[in-house]
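Shown here is one chain on its own, the form predicted on its own, set out as structure tokens.
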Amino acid sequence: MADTAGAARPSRRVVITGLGAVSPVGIGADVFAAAVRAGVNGTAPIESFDASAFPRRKAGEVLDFEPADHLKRLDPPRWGRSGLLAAAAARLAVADADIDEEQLDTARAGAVMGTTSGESAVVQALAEQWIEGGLASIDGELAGQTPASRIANAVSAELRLTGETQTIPTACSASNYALGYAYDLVRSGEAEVMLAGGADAVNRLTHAGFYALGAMAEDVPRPFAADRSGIVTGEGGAVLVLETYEHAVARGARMYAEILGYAANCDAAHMVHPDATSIAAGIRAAHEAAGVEAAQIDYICAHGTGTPTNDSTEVAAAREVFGDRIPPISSIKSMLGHTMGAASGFGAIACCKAFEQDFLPPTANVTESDPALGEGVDCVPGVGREARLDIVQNHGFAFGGNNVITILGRVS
């Protein structure tokens, strides 16, 4: 099955004016950008659960996250970690956008958030209660925190948003889905302002699942390197403020980027193996939706998990579209770990900061690209590199052949 969205240029331009990052390399968009540019490693031995029985024991956790430091309305004990990460990132994004709550109300603002595992840390805690004390020992109030829908609800409750509130559980492509859907709501006139992104928490189930698949890195993630061995799981909350160009101009807002278009498809060809032809079709559809040519793309923020299969398939898809001129293609998962439903949200934030600060985000832990990927693959190894970018594309791919590509441009 293939489908595209944003298939025509919008009559209303949609710009990104606020960024909120609660990440393993720092909290706040500026801290995040500085760490990404420097190639900081945000992975470390797992602290959120006992990982001693696993041969692989690292993750990208937000170790200094204290929800009460960021939230004004939510009572942290009543919400799961994913929702708290999302709400804190949203609070930071709104502050970064310098937009007050009355403006959010009049703009019919809402929240669209992506996730892979929902409130996975809550489910993990309930499972431990059940194992230790039987079904009757389960905390009913904690059980009430399990619905994945509470992730977007947490954002809207924290900011008293009255517009559409949706959680999109399409896993590793979910933030890009959220950005695309929020973009549709704003450009179509259903809202003037939307908050979009994703959140997920490190947990035993996800860690065990990727380990069982043989997809977990031996030490640190090295996307596109010859010695890459897989992913390291991660967590975080990534939120972006979207509004119409006219709304942003009227209130004198800083504009990081314009969303030019996006596309989504799902080939369902294999449970976990990505398909290069399907991804290439998605890239072409995104270019068409954005009204751009392949030659205009200056940078690809890759899905870049660091598994041998993902990286070779992603490069093959890019080569199918771009030929021998593949734009610089890098993976910030090399620093954050794989933050699952938040991953492409963090990718979009990195792209926005790259526009603002004129740099190419790097692939850390790598000195050169795998020669087996072919000629012309510049993964921006090591640390960020100065570059002026005008149009970039942000990849988000998920199991089941679920692909979403967003196209962002410098605001003109």
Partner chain sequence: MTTATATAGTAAVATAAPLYVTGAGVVSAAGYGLAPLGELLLKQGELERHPAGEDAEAYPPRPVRAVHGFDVKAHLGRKGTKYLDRLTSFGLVACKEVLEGAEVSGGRTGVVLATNTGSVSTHSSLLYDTLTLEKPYLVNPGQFPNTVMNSTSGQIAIRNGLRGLNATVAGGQTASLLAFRHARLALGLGRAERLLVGGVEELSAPAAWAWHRTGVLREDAALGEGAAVFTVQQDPAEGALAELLACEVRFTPDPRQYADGLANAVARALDRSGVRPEEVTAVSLGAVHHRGLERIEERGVRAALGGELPRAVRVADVLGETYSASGALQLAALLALWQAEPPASPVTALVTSVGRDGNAAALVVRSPR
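Positions refer to the first chain, counted from 1. Given the structure is predicted, the values throughout are model-derived calculations rather than measurements.
What comes next is about the form predicted in complex with its partner chain, which does not appear here.
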Among 86 to 94, 324 to 332, 301 to 309, 102 to 110, mark the stretch whose residues have heavy atoms within 4.5 Å of its partner chain in the predicted complex.
-> 102 to 110
Flag Pro371 as yes or no: does it have a non-hydrogen atom within 4.5 angstroms of any non-hydrogen atom of its partner chain in the predicted complex?
-> no
Its partner chain contact in the predicted complex: Tyr211, any heavy atom under 4.5 Å | yes
is_contact(Ala317, its partner chain) in the predicted complex, heavy atom dist at most 4.5 Å | no
Could you confirm whether Thr162 comes within 4.5 Å of its partner chain in the predicted complex, counting heavy atoms only?
-> yes
Taking its partner chain in the predicted complex, which residues of 161 to 184 have any heavy atom within 4.5 Å of it?
-> Leu161, Thr162, Gly163, Glu164, Thr165, Gln166, Thr167, Ile168, Pro169, Thr170, Ala171, Tyr177, Tyr181, Tyr183, Asp184
